[in-house]
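This text opens with one protein chain seen in two forms, each one given by itself as structure tokens under the names structure 1 and structure 2.
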Structure 1
Amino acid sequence: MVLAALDRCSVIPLYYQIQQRLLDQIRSGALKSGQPVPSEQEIAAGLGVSRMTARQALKSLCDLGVTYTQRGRGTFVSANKLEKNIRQVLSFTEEMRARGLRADSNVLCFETVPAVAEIASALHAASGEPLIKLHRIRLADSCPMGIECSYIPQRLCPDLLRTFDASTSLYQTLSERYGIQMAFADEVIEAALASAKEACLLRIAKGSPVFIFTRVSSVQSGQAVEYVKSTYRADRYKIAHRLTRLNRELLYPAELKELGNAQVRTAPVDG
């Protein structure tokens, strides 16, 4: 395993160049699932960087879920299929584009409204504070997929009402014009039956199964920026997502051992 030399004049950090070279090897199939990637020392010696830099590159791959490490053994390529359809914080426009469909909207309502208690609480805004309300029917290749109603504090995007074309991508506009980039979102998903009005808007039979999403999107600082309530047809819309086991991260392995998990056998599934 020989990696291409690094560009030491570039503004791109060395650890990131190494990460990309390893990703290329994995994507090209030169490194397959379960195989060890070059060790920290190999990378350090082979590319003329210090071990900490090589280590940072490998750590970033682990964080991405592309590899995993075993102390005393090495770093190995995960069996992950890098699925594209994993649910993320995506606007409808982005989500449909990722699936190769054309996103469109019918705008039902685009106006300023005072915040009701529930939404104000979710957005950490004052009750009654002006919010921009954007109520749209979302279409994929002209077929209605869902009804979406977004609320965003007006102070964050003062002239949005005047300048935004409500049939285009809200997230893209927020990012490009206001520097607001969604970092994560907390969402509650419910399943229900379509009401008469919803059924009519979505052109499905009353009583058909639908998803109801209640989502609060936030920027990196954790400040909530958008409250969205949506109803999606369940016959044309599935949710694919990845769950991770996080609670362990708050407990150091050595602490776990002390709690008496000592009889655990070595897993026969790691190979």
Structure 2
Amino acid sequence: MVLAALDRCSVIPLYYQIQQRLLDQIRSGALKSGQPVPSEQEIAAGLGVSRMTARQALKSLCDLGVTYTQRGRGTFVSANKLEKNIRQVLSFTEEMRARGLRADSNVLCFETVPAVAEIASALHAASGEPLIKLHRIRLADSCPMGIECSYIPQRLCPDLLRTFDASTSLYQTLSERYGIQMAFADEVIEAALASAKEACLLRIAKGSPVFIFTRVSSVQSGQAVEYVKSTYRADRYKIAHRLTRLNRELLYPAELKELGNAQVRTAPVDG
């Protein structure tokens, strides 16, 4: 790919000019989702800039979320960000199927562990109670999207370790085999930077932005049955909300309205 020559007399930094030229290629469709962008060596040689300048331009594209890096392979154009569904209690598998993507998992850990204080409190379980821990990398069309770590009281599904295929849908198995159907969930979303371990598992650079989701899912009776902590790539996800505004009568208590009316009535009149 040939990039337009840089304006070396401009006050605009060279790395930014390179970034904008690559952005133009992506926006025009000349560089499509999944395609590699020129390497820092190619950019440096083709435009006569230092490797450091080329590296800065590529990093700035990753910071914008329009590209991503794969260790040992290069930098690629990102797919359009997926809008994380935070209005329904869905499993990763259900979300990906709804988008026409193939969901898969790499299992990191599937075992029984004692409940630590934080998780025991969230699940209303006794400290030290046996929990089934399922730690997985979640993939969509073979691309790692996030890391999920789920905890479920073993008493609810005592033979899950023996019967469940950890690469398939946990929610589907809980529903079909144990009659556990998630009805609602409380979820907290935080922004963070990927640790070295998370970056390695997700194939992103250390310090890349990620979303941290902490969810407690419950059945219709209100019983909490699952605690999940997930780390998702911010370059592949976005969070969207629909916000509504209450009418003025609900925003302001009647007492404040009356006080405001009284102040208007007693205000002095000029002239």
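By rigid core we mean the largest C-alpha set that fits within 1.5 Å across both forms. Since the model is a prediction, treat every value here as computed from it, not as a measurement. Sequence positions of structure 1, starting at 1, serve as the residue numbers.
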Checklist outcome for this item: Students should recognise the form predicted in complex with the DNA as structure 1
Next on the checklist: Is residue 71 displaced by at least 2 Å at its C-alpha between the two structures when the rigid core is overlaid?
Outcome noted: yes
Checklist entry - Is residue 234 among the residues whose Cα moves by 2 Å or more between the two structures after superposition of the rigid core? => result no
Next on the checklist: I need the CA movement of residue 33 between the two structures once the rigid core is aligned, reported in Å.
Outcome noted: 35.6
